[in-house]
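Just the one chain here, the form predicted alone, laid out as structure tokens.
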Amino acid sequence: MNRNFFFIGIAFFGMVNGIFNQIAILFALIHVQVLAPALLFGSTGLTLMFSSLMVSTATIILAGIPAALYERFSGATDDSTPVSLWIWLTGTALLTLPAMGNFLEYGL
């Protein structure tokens, strides 16, 4: 499979989790409001969008850890292997499972 399809899938699952995972967004929203209220001009909309972006980024990073560990132990030196990309895609899909109900209910 083309590498771009892996990256599109990983970004898609990260986006879905960042938009539809209500618990993670609430957690990020509370912390952003406490830690950086002046950074986003006190705007609730900007804070919500920033929280959603944080959840999406965290999903992709957390799912990339097992893939990076696999690459480390398998000795891959140049670029990501198809197996590590599958691990990364599967990790993002698994982390997105709590948000899939809301995603399927609302759709795009």
Partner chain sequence: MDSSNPSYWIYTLPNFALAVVMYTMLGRVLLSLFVDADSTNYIWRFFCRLTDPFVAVFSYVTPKAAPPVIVWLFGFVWLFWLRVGLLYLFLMMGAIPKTG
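Residue numbers count along the first chain shown, from 1. Note that the structure is a prediction, hence the values are computed from the model and not measured.
Omitted from view is the form predicted in complex with the partner chain, to which the following refers.
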**Request:** Examine Phe5 and determine whether its closest non-hydrogen atom to the partner chain in the predicted complex is within 4.5 angstroms.
**Result:** no
**Message:** So, Thr47 and the partner chain: in the predicted complex, are they within 4.5 Å at any heavy atom pair?
**Reply:** no
**Request:** Answer yes if any heavy atom of Phe20 is within 4.5 Å of a heavy atom of the partner chain in the predicted complex; otherwise answer no.
**Result:** no
**Message:** At 4.5 Å between heavy atoms, is Val83 in contact with the partner chain in the predicted complex?
**Reply:** no
**Request:** Heavy atoms within 4.5 Å of the partner chain in the predicted complex is the criterion; list the residues of 39 to 62 that meet it.
**Result:** Leu39, Phe50, Met54, Thr57, Ala58, Ile60, Ile61
